[in-house]
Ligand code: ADP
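Here's a solo chain for you in structure tokens, the form predicted on its own.
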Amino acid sequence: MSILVINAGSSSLKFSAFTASEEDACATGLIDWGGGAGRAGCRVSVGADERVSDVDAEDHLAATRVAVETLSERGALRLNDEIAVGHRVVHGGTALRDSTRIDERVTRRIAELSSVAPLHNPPALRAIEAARRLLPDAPHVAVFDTAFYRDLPRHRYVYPLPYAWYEEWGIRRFGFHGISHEYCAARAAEMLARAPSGLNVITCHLGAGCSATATAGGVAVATSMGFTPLAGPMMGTRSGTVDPGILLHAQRAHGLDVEDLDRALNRESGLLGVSGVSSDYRAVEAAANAGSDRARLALDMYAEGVRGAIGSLATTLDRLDALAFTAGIGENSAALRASVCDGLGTLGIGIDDARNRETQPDADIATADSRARVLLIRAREDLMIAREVRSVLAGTSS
């Protein structure tokens, strides 16, 4: 059996192919049609052979077709053999708490949650529809970012709002990036030769979206994101947590409506909104190094937000054994890691400057006397999704 893993963005499609039992993907790829004009950049790696091309793709159906055809042509996906498809879905709510085979009930529930995950659930649904149309005989499995947080303590998922909002409307903290955080917590235990049951770790998933999670004994006990993926540190285009009174003021004093606020908070804030340069951390970093005051401000705010999340999460643990950085910014920006950890001396955390600058994931970059180890861990959401697909089809998923 082959497993095709699909991770859909608003104008991009990441995909991987796995064999039935291998832990490493035999192929990975990205199709990005964000530039418009019906053309997309396509990068596919099969083993060490990477090929970059332009392809005709302007939506998830076309991109999924290109992905399947390309993987088939290059021998990474055998269409005549048994194939299963795993889909990353950000928000499963309280009804979808475990990975599950996709049917009409599941897609309906994912659609109902689109209003609280507007950047994520709609593209996931479009990719699911496309893949089910192209591979109608394959089992399709949804793997949810929210599932890792199913066991959060009640006092950490109920908000200090009228209790009826929780009871009647289901407003509560969910948490996101759970697929990545779960993998990183387990990988940290492997790297430190510790049993997951005995390890306390804070994992920081820092990319276009940013979140931090405290895990004790393999179970998530607290997280920075909330009812939606807007909460927590500032992100690429998302504001992160802000004073809700600002939103009331913007409505009353400046006439913003719900759609205006949604656009501002989700698409016009964060690194982009503060720097005025880009939502891409690398571009903001380059602008700051070239003398842009607003870009430098954005970087300082970003680091402060991550540092604050770590500090808050540390209070939920009886001790901290490891701090882990993952995802695009977390893995690749040594300056960001240094800035974050520079303010964590109160937790006894120290990083080795040379290791931080020179080491690639997976690695330990802490100083010898650091009270907690500091780890760089390569994000492997695709592997976690493939594992979940195998578990669901074997009937062993939790």
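Residue indices: 1-based, along the sequence shown. The shown structure was predicted, so the numbers you read here are calculated from the model rather than taken from an experiment.
The discussion below concerns the form predicted together with this ligand, not included here.
Residues placing heavy atoms within 4.5 Å of this ligand in the model of the complex fall in a single listed stretch, namely 280-288, out of 311-319, 163-171, 247-255, 280-288. Taking the partner from elsewhere, G209 is found to have a heavy atom lying within 4.5 Å of this ligand in the model of the complex.
At the 4.5 Å threshold, heavy atoms of S333 reach this ligand in the model of the complex. At least one heavy atom of G328 is located within 4.5 Å of this ligand in the model of the complex.
Although the partner is absent from this view, R378 stays clear of this ligand in the model of the complex, with no non-hydrogen atom inside 4.5 angstroms.
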